[in-house]
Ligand SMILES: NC(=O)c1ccc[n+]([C@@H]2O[C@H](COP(=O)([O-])OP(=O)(O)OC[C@H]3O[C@@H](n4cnc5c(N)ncnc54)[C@H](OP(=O)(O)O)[C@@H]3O)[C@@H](O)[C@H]2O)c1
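The form predicted on its own is given below as one chain in structure tokens.
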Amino acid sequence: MRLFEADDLPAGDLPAQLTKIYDGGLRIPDGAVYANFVSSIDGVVALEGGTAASGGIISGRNEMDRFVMGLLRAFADAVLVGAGTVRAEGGKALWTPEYIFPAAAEAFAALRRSLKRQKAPRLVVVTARGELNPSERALQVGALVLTTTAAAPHLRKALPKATEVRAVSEKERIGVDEIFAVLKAEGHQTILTEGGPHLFGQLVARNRVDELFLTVSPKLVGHHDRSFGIIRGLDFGRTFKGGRLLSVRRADSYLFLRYALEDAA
């Protein structure tokens, strides 16, 4: 159920099934970088040090949350994730709209055709250390892995041929500018990032994220040294990153929030 939308939020047409489920239209501007997370009431997005499939656990595999995930993927040229997010999913996941919400597969496909997108968004995985399991289904299907010069030779030998390994940094870390240089060169303009919190924090710090979609799950998890929030590894001090609320939707006790983030490039 739609509760609020900003007056200046552009309308967007969706296929009828998607419009009905989402209770209205949605438009993601071409060239936008947007993020999607699910959080507990007390702000936890990652469990067990980031090794668990936290989104599904925290959301309780809520159907509306899974629909929103699929809808946001349907707009994207590429889905950008860190290697820890891939490992946490346990080997079977695909980062496609129809995988996460198969009931709307045909409508998602119709939306992508109307947007002149490829059949599926390109999965782009960032890993500095090269810690990826070649048996991951997403890698078997095919992905683009961005890594360091040191880690690239091992990954090229270990990963399936369907996955391309690209060395983008000679340092031990991969910079945000290096990631986006590759995305631009590949023709990927509209980018969805699904984390994890380390990668998201780096993107926000460099003002690369235009919008944040945040599902608030009606759960209390508790904070300890192996659970953490939407950003990890960065402290903005008192120079906070601001956000402007664009829309609010509700399904049962779940809230679906959309924010525009300030200072995005």
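Every value quoted in this text rests on a predicted model; they were computed, and no experiment measured them. Don't overthink the numbering: it's just position in the shown sequence, from 1.
Omitted from view is the form predicted together with this ligand, to which the following refers.
Though only this chain appears here, would I174 touch this ligand in the predicted complex if you measure heavy atom gaps against 4.5 Å? Flag for I174 set to yes.
Using heavy atoms and a 4.5 Å limit, would one call V145 a contact residue for this ligand in the predicted complex? No, no contact at 4.5 Å.
Look up in the predicted complex whether T96 has a non-hydrogen atom within 4.5 angstroms of this ligand, and give yes or no. T96: no contact with this ligand in the predicted complex.
At the 4.5 Å heavy atom threshold, is N207 in contact with this ligand in the predicted complex? Outside the cut-off, so no.
Region of this chain that lies against this ligand in the predicted complex, out of 97 to 105, 134 to 142, 112 to 120, 166 to 174 [heavy atom, 4.5 Å]: That would be 166 to 174.
One residue of A32, M64, A52, I41 in contact with this ligand, assessed in the predicted complex (non-hydrogen atom, 4.5 angstroms): The residue from A32, M64, A52, I41 that makes the contact is A52.
Is any part of 194 to 223 within 4.5 angstroms of this ligand in the predicted complex by a non-hydrogen atom, and which residues would that be? Counting only heavy atoms within 4.5 Å of this ligand in the predicted complex, the contacting residues of 194 to 223 are E194, G195, G196, P197, H198, L199, Q202.
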